[in-house]
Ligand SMILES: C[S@@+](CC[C@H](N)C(=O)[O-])C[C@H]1O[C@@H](n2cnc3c(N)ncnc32)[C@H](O)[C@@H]1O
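One chain comes next, on its own, written out as structure tokens in the form predicted alone.
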């Protein structure tokens, strides 16, 4: 099916405001939950394997795909399952660890050792106080009794003699249990804390038997998924900044499939903090804020105060008609939000500058993005991406509306795609 002369990638959604039944969910993380390794750990804004499968359908095993915003590794995992090599990059070390754990090939002995750990696990309460991470307001995440039992489980993992691959499986299951026992809700596009009246009984998970049962169940699911082999070396995650990709990667890519953070002030570090503190990727709130400052669109903690001191780079041109007037209209309501939006798109320009150095001529890029609204000012992210891509060597850049998001009625998700044909 075509629209405006362009072949549609998602023809089932011919009227985005009224998508086909189940179509919207098939593009989100909800569709990943029962798909083996794809369902190991959720990230609220993640897209689905089904979406990536549509985008890589025309590719061959001689192609090489890049996802410069790794997330939970959906793009690279899906490519590897189809025999297509894919590299992915993220500024967050926890996401790089998680992705590489999902991409790994596990030996039978390593899987058996994980299962044996769960079978031999003892969570007896000896009356001591086990370590738990210095998360600010940690009682908002877990009730005291639940936290104590969870900390006892973590201590048992730390004390066990496990190989690195086995430990990665066990820690992945721990992360699943940690978020499932937390007083949080994922009913919105972002994570939110539950009200006390909405929370389950405070003693639901405080019983060591209950927690062990949940952990054993989640670990068994992860082990089962890990038992299905994946081709070694096809999927790799690298720690790096999407604005300096050419300093991290030395390959040339024929396709890009990615979903960068949206300009909506939703901090991914907020949702990832519990995993990162437990596993030692974070040690204090300042460190979390500094990491979020490195991420495009980050606003957690000191990232906001850093933003107040930031000023636009006059040498960076954002080639979208009306961009400056849009920033002025936002600034009339909130100066800090105007800085946020301006910096977000300056970072996007830096990203595409770097990207252009590692693409093959003729490479096809697919960017899944969402528009935003600040007060009464719409930010047409998809159109701004289209124009930035056009100014960085992409031709025939096309925008396709693929789904209505679950928040405000005017917010949609789009695929912006183009062919890299530099002069």
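Residue numbers count along the first chain shown, from 1. All figures in this text were calculated on a predicted structure; none of them were measured in a lab.
Keep in mind that the form predicted in complex with this ligand is not shown, yet the notes after this line are about it.
The contact residue chosen from 394, 385, 40, 47 relative to this ligand in the model of the complex is 47, the criterion being a non-hydrogen atom within 4.5 angstroms.
Interface residue among 181, 299, 242, 172, judged by heavy atoms within 4.5 Å of this ligand in the model of the complex: 242. Proximity of 147, 152 and 153 to this ligand in the model of the complex is absent: no residue of the three has a non-hydrogen atom within 4.5 angstroms. Partner contact region in the model of the complex: 68-76, out of 68-76, 309-317, 111-119, 273-281, criterion any non-hydrogen atom within 4.5 Å of this ligand. Shown alone here, residue 268 lies within 4.5 Å of this ligand in the model of the complex, counting heavy atoms only. When contacts are judged by a 4.5 Å heavy atom cut-off, residue 260 counts as touching this ligand in the model of the complex.
Using a 4.5 angstroms threshold between heavy atoms, residue 214 stays clear of this ligand in the model of the complex.
Taking non-hydrogen atoms only, residue 294 approaches this ligand to within 4.5 angstroms in the model of the complex. Along 320-340, no residue reaches a heavy atom to within 4.5 Å of this ligand in the model of the complex.
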